[in-house]
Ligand code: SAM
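Let's start with one chain on its own, the form predicted alone, as structure tokens.
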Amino acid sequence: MSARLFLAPEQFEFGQARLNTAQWHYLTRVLRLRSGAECIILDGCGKIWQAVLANEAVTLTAELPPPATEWTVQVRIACAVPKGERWEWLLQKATELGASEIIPLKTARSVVLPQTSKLERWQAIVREAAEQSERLVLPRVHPPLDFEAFLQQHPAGLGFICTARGERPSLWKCLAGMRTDAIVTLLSGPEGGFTPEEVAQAQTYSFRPVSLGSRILRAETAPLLALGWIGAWLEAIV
């Protein structure tokens, strides 16, 4: 299986793409590829090429038909950051499951306050997960936002806020009739959940409270289950 790399738009030029030091090291030292070896290059926006390695660059030899690895529905998840390494695990798994955007939130009950200084590392984790899972489009990790700032800056479209208690419909049932080209935004809270005030505030921005089942889920589990349900729904209707 050929090595796969996502490259930034500025790396492409006249049928070639210049590799940075880390990418060159990965191909030649980690994978032990030699000059002339073939690899797969992606631009993160939906295009994919067969390429040949040469002199700290790759020559794009043929544009390939895109594989059907991306959903027609775009799913943006905005979630509180769990403790320790669980956030990085969430980033990896959300990428594998199909998220198109990931936004770390600072909520009233957040234990961890995410730092913008870690954004580059988070995007690198997403990039590696996208390459491993053969994603065609590279998900974007946004800078951290306060809950209210997120609501003001990111219109809900088709928006759901995942809550653990209270009378609310199942997310699965709410997917019935969803357009296959919809843009979905999922809000998922910290270990203690969203406050009643946050839920009410989200509703004023057209987010609908939904349930993910009868059990209380960890902060890193809830958004992944929601993504899994959306993926299963899309598979079921195709």
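One rule holds for the numbers: they count along the sequence shown, beginning at 1. Worth saying up front: this structure is predicted, and the values here are computed from it rather than measured.
Below: the form predicted in complex with the named molecule, not depicted.
- This chain is displayed without the named molecule, yet in the predicted complex the stretch 203 to 211 from 41 to 49, 27 to 35, 61 to 69, 203 to 211 comes within 4.5 Å of it by heavy atoms.
- Taken together, the three residues Lys93, Ala130 and Pro139 all stay farther than 4.5 Å from the named molecule in the predicted complex, as judged by their closest heavy atom.
- Heavy atoms of Ala164 reach within 4.5 Å of the named molecule in the predicted complex, making it an interface residue.
- In the predicted complex, the named molecule sits within 4.5 Å of a heavy atom of Leu217.
- For Gly192, a non-hydrogen atom is located within 4.5 Å of the named molecule in the predicted complex, even though that partner is not displayed.
- Shown alone here, Ala222 lies within 4.5 Å of the named molecule in the predicted complex, counting heavy atoms only.
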